[in-house]
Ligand code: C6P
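The chain that follows stands alone, in the form predicted alone, written as structure tokens.
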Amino acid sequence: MLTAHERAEGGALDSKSDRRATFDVAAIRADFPALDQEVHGKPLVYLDSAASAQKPRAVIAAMDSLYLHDYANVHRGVHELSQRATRRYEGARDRVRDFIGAGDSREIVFVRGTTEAVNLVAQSFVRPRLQPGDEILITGLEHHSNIVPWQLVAEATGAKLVVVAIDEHGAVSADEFAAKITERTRFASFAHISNSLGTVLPIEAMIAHAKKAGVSVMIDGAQAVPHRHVDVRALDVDFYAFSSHKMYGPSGIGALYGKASHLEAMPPYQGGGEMITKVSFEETVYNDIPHKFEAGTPNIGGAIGLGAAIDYLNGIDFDQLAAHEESLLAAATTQLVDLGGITVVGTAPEKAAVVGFVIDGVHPHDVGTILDREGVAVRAGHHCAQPVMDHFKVPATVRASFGCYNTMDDVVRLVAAVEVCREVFR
């Protein structure tokens, strides 16, 4: 029998919010309590969603209800609380499946986030298949989490990391990617959307080129799933990973999609409880997928929060969201450039709602500090993408990133805060 909390959660999954009828940003903002505060005496403008998005009340309530009423360890208990927690935990897995268009919940592995997902695939799928001289293909846009795991695997096996260069706008060419594929290419891993520049990669064409050459592909979708519809079966991608905290859910949880045939063939990444069916001192029999990759007590509350975040996003029309975020990006880009003395870093023809910039003669960290005093939260640094910064010959950028709750007034506040910064350093 379902509890009231489970019935409410199920209703959230089945219902479509009124937000779908029209993109009402004021109503959306009201769902995020953290936005209703002042910082240094100024109303908060939160422009750091690419690092971590704020959380709606629905996500907070779903996690609260678990800990208030339904918490117990999952899968292992016959008592009622364990059964409730298990239903909610596995229900969150089903939500992830549907959200990204996977065909089977067994293809959804809960992980700590995109970083762990990349490491899992690197160690369990790619490393056993590599020989000295084999090649792993990435792009020059990647987050460190999609560079370092492949360097570790290459160093351990004698394989080689091959990088597809980005152009002066921060874009990647699908043709350039295809030209880098050789008979020694064994795997390709690249972002759907760049976290540092907002560049949208031509992943459909890149996947097609890789498939034609018999190369398996992983996509880092951390920056994509909060902003656009993703269908892993339509993409025909082998692996796709994302993090909850980028998409209005809790931190410390994420999901890896992997084709069932791949996951079945992969050895476990970690050993312990939960990922086994039988253990003796002579041998261990591993659990079925996806559980053989989920060693130990999982992040139960995190998974349920992720499921609630998916429910929330399902209440937003992604076409309307994209149009709203594109208008914010265009306005912010134009108005910042019009101030003069500002260079936008990353001007690819297709971008998500991220604008990175530098002010002549002012270090980005100083800009970020002054903007904070004006109540505007941005990210200043290399954004875990130092090769991108090296490409543009800058030590860092100021990055303003937009989410579903941002408004044109936020753009106005950003530009005004930048003007204050310019006056300080004039």
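Sequential numbering from 1, following the sequence displayed. Keep in mind that this is a model prediction, so the values were computed, not measured.
Not on display, but discussed next: the form predicted in complex with the ligand.
Asker: K351, K246, H227, R95: which sits within 4.5 Å of the ligand in the predicted bound form by any heavy atom?
Answerer: When the ligand is considered in the predicted bound form, the option within 4.5 Å is K246.
Asker: Going by heavy atom distances of 4.5 angstroms or less, which of L137, M218, I193, I166 would be at the interface with the ligand in the predicted bound form?
Answerer: The option sitting close enough to the partner is I193.
Asker: Is it the case that S82, even though its partner is missing from this view, gets within 4.5 Å of the ligand in the predicted bound form, heavy atoms only?
Answerer: So S82 does not count as contacting the ligand.
Asker: In the predicted bound form, does A61 have a heavy atom within 4.5 Å of the ligand?
Answerer: Contact with the ligand, no.
Asker: Taking heavy atoms only, is G113 within 4.5 angstroms of the ligand in the predicted bound form?
Answerer: Close contact exists here: in the predicted bound form, G113 approaches the ligand to within 4.5 Å, heavy atoms only.
Asker: A50 versus the ligand, in the predicted bound form: is there a non-hydrogen atom within 4.5 Å?
Answerer: Within the cut-off, so yes.
Asker: Which one of these stretches, 138 to 146, 327 to 335, 340 to 348, 228 to 236, sits within 4.5 Å of the ligand in the predicted bound form when only heavy atoms are counted?
Answerer: Selected range: 138 to 146.
Asker: Counting only heavy atoms and a 4.5 Å cut-off, does the ligand in the predicted bound form sit next to every one of A171, V355 and H391?
Answerer: No: no residue has a heavy atom within 4.5 Å of the partner.
Asker: Go through 214 to 240 residue by residue and record those having a heavy atom within 4.5 Å of the ligand in the predicted bound form; state none if no residue qualifies.
Answerer: Heavy-atom contacts to the ligand in the predicted bound form: D220, A222, Q223.
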